[in-house]
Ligand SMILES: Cc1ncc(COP(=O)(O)O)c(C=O)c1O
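Okay, so here's just one chain, in structure tokens, the form predicted on its own.
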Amino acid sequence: MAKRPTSEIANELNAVLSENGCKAYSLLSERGRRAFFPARGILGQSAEARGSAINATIGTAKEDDGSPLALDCLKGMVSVAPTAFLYAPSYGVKAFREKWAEAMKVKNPSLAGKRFSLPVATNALTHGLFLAGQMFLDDGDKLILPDLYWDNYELLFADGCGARFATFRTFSGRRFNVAGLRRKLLSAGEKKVLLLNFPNNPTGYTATDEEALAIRDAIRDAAEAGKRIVALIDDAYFGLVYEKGVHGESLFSLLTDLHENVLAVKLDGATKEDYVWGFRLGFVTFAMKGLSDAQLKALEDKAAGLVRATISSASNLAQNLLLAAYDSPDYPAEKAAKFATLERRYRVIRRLLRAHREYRESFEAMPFNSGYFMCVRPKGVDAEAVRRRLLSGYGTGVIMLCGLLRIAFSSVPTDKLEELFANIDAAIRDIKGGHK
């Protein structure tokens, strides 16, 4: 099949990303190099017509007074301006993007004085991950990641982008396996695409402060050795850290200006950070040492072009609802209360595991310190058999993944946690005793 020619706008963006010896262009996939925002098509012409006395360019419907042609029964359900019923820009609502960027600096004090792109809104983090894969992974490219990962990565990156997974063991003993990561980064091949997810799904583990610095050093050393690196940072569960000494900032903060060979891509969103799973709002943000404003904008344009090509734009209503929430005086306290609920469940599990030493005969608790999840490894029995026994004998559902049982304590009432772990222990003992 003949290779599709790159558009004029994409070529212009690619030229910007190649200026002054910048490595950003060389890190793009073929799809990423072709990506562009169609500023000269319908959207560009519509922008030029904005403010005209008669504007017949936009594919929305309006009342004769110019307000959106929206149903009154729906308008009465929400307390935002009727314009929230219209399309959002493919980049996202400007005020929402700016608010998120400012919040990133508050949540990550190490970003002070560092430069990064304005976040581009996506249809939640899953969509952002897919766009990043489209931008940086070609068929057959290797994606470096720990061996305990969210199974949707296979659909996103292997099936969706044609990538091959180059995994390393997640843990070395009870610590994150930085040495394994370093070996993968220094292996043959100049371009490296890396994906890290903290707090991790499925394990609920976040790198300690010491491990985070070691990860940074491994990436910097590989860059200094001539490797060109895209570091995809999946921050889906960002902020849900429950122990001192665990790295509370995004790894993005450590990588934004690390080296001219390291492009950091932050994938985050309101889904878990603001407890709005159904709003489906995420962001993709770029940073690289030495990038100019024009080069950061070029990456935004490519990302927005891929948004346009896949979903047109993220929900305008959801973005406006969150903007209103961020301005609410009750927002900080309400968010802290939700965090406290999750932390309380985490503390209960820690106490249960300490109190019930007999559980160590049945399973090993994997390292965990954050997020929504924790995992146990059954001893002497098959994890899938345990999962099925829990369903059939105890009315208890867990996920089997990579030979582990993933427990989403985020969705279990606090007063059910003791029963949950007792059931896991009993199910394993049933199987060892020959019960089915």
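For clarity, every value in this text was computed on a predicted model and none was experimentally measured. Note that residue numbering follows the sequence shown and begins at 1.
The same protein also has a form predicted in complex with the named molecule, omitted here; what follows describes it.
Contact with the named molecule in the predicted bound form, defined as a heavy atom within 4.5 Å, holds for exactly one of Tyr242, Tyr237, Phe96, Phe136, namely Tyr237.
Residue in contact with the named molecule in the predicted bound form (any heavy atom within 4.5 Å), chosen from Val230, Leu306, Leu129, Ile219: Leu129. In the predicted bound form, no residue of the candidate spot (Thr170, Phe176 and Thr203) has a heavy atom lying within 4.5 Å of the named molecule. Just one listed stretch, out of 268-276, 339-347, 361-369, 82-90, contacts the named molecule in the predicted bound form at the 4.5 Å heavy atom level, and that stretch is 268-276.
When the named molecule is considered in the predicted bound form, Tyr153 lines it closely, a heavy atom lying within 4.5 Å. Contact check for Ser250: every heavy atom lies farther than 4.5 Å from the named molecule in the predicted bound form. The named molecule in the predicted bound form comes within 4.5 Å of no heavy atom belonging to Arg115.
Contact check for Leu125: a heavy atom falls within 4.5 Å of the named molecule in the predicted bound form. Along 168-198, one residue reaches a heavy atom to within 4.5 Å of the named molecule in the predicted bound form: Asn197.
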